[in-house]
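This document opens with one chain alone, in structure tokens, the form predicted on its own.
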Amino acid sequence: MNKADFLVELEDILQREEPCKEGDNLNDYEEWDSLSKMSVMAYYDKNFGVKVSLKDLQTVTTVEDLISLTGGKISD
């Protein structure tokens, strides 16, 4: 998966009407709540085979941090 595709998927997961950008601070997203974090965890498990915990997501502040959590499974 490339970054552009991931950003579109993230918009869908978060149910955002505005586009997601790599440098965006997730705390600025109204949609970044506990339910969306659970959705991200399920998405990572299903699509990347990566287990992400709530503790992992507490350290994430930007969309770029989310991309890094895939362990290199998202290409430029």
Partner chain sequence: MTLATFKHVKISAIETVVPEKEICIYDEVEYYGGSVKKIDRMRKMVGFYKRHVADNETTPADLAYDAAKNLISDINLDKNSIDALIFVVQQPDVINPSTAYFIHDKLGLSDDCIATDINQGCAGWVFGLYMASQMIESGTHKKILLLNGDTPSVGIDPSNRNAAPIFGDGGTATLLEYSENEIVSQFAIDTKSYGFEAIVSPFSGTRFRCDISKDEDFEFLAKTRNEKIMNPEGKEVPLLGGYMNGLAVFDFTIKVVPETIKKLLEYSKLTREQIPYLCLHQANKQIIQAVGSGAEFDLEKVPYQAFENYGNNTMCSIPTTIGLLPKDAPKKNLLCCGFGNGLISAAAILNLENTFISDIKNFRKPEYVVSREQYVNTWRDKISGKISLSGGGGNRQDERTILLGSYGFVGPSQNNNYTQK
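Residue numbers count along the first chain shown, from 1. Only a predicted model underlies this, so the values are computations on that prediction, with no experimental measurement involved.
Here the subject shifts to the form predicted together with the partner chain, a form of this protein not shown in this document.
Asks: Determine whether any heavy atom of Glu22 comes within 4.5 Å of a heavy atom of the partner chain in the predicted bound form, and answer yes or no.
Replies: Contact with the partner chain, no.
Asks: Whether Gln15 contacts the partner chain in the predicted bound form should be assessed with a 4.5 Å heavy atom distance threshold; does it?
Replies: Within the cut-off, so yes.
Asks: Does the partner chain come within 4.5 Å of any heavy atom of Asp28 in the predicted bound form?
Replies: Result no; Asp28 lies far from the partner chain in the predicted bound form.
Asks: Should Val60 be counted as a contact of the partner chain in the predicted bound form, where contact means heavy atoms within 4.5 Å?
Replies: Residue-level check for Val60: no, no contact with the partner chain.
Asks: Could you run down 5 to 44 and flag each residue that has a heavy atom within 4.5 Å of the partner chain in the predicted bound form?
Replies: Going through 5 to 44 in order - heavy atoms within 4.5 Å of the partner chain in the predicted bound form - the hits are Asp12, Ile13, Leu14, Gln15, Glu17, Glu30, Glu31, Asp33, Ser34, Leu35, Ser36, Lys37, Met38, Ser39, Met41, Ala42.
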